[in-house]
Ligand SMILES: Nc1ncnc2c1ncn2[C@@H]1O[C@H](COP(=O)(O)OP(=O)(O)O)[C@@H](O)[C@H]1O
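Quick setup: one chain, the form predicted alone, written in structure tokens, and binding and motion questions come after.
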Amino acid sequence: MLNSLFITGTDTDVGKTYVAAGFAVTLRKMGMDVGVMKPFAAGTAQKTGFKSEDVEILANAAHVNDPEILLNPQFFPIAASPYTALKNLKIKPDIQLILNSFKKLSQLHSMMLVEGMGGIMTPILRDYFVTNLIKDMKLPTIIVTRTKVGTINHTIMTCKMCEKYKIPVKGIVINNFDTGGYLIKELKRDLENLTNMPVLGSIPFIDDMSDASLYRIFKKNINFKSLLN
């Protein structure tokens, strides 16, 4: 039985939040008690509610009432990596705080979806990357990729780093929001052949983030059977 998942991506802005939200809604509607977490978030803080819009999307999708300090232990008011925030703002990323928050949330929910920040080698400290965080959380990962040309290179590199850090990959999700990229059928074929990782499905561009819409799209397009085994 699948316990928890870390959602990472080949880059920033590949749609990790939307994929994590879609997974949260679908697994919840399949009867699972799903918790969500975004350890580090960055950017301009929202004026109301959660500082991070991503965290708000995740919390709404999972229908959780957990405190923001657990869902998003650290927020940096700068659109950059935690390492850059450390250098520019002198705010030190607190790994122990993140791991403690994850442990608390794991005790509140039977399954956790953790959304990463940027790509898999996004630096948190000088010698500590998203890969290290996934290892410390002892989670398998899902890699979110896109269709534009260049994605095969990025996806192979991401998979190679997972191999290097011995991070189990449950599969790849193609976020099909770019125009003029690879055909999904061909991209799926090539990624599976080149990475030996399963492509769990592809998600079309989503403009309706309602529960009903996300559930319909993800249930239809993602192979949850293979994911949950």
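Numbering starts at 1 and runs along the sequence shown. Only a predicted model underlies this, so the values are computations on that prediction, with no experimental measurement involved.
What comes next is about the form predicted together with the named molecule, which is not displayed.
- Scanning G180, P204, P168, P67 against the named molecule in the predicted bound form with a 4.5 Å heavy atom cut-off leaves one residue, P204.
- Interface residue among N175, T26, S52, T195, judged by heavy atoms within 4.5 Å of the named molecule in the predicted bound form: N175.
- By the criterion of a heavy atom within 4.5 Å, S213 is excluded from the residues contacting the named molecule in the predicted bound form.
- The named molecule in the predicted bound form is not approached by G22, whose heavy atoms all lie more than 4.5 angstroms from it.
- The closest non-hydrogen atom of T12 lies within 4.5 Å of the named molecule in the predicted bound form.
- The candidate stretches are 27 to 35, 196 to 204, 59 to 67, 160 to 168, and the one lying within 4.5 Å of the named molecule in the predicted bound form by heavy atoms is 196 to 204.
- Using a 4.5 Å cut-off on any heavy atom, the residues of 16 to 47 that reach the named molecule in the predicted bound form are, in sequence order, K16, T17, Y18.
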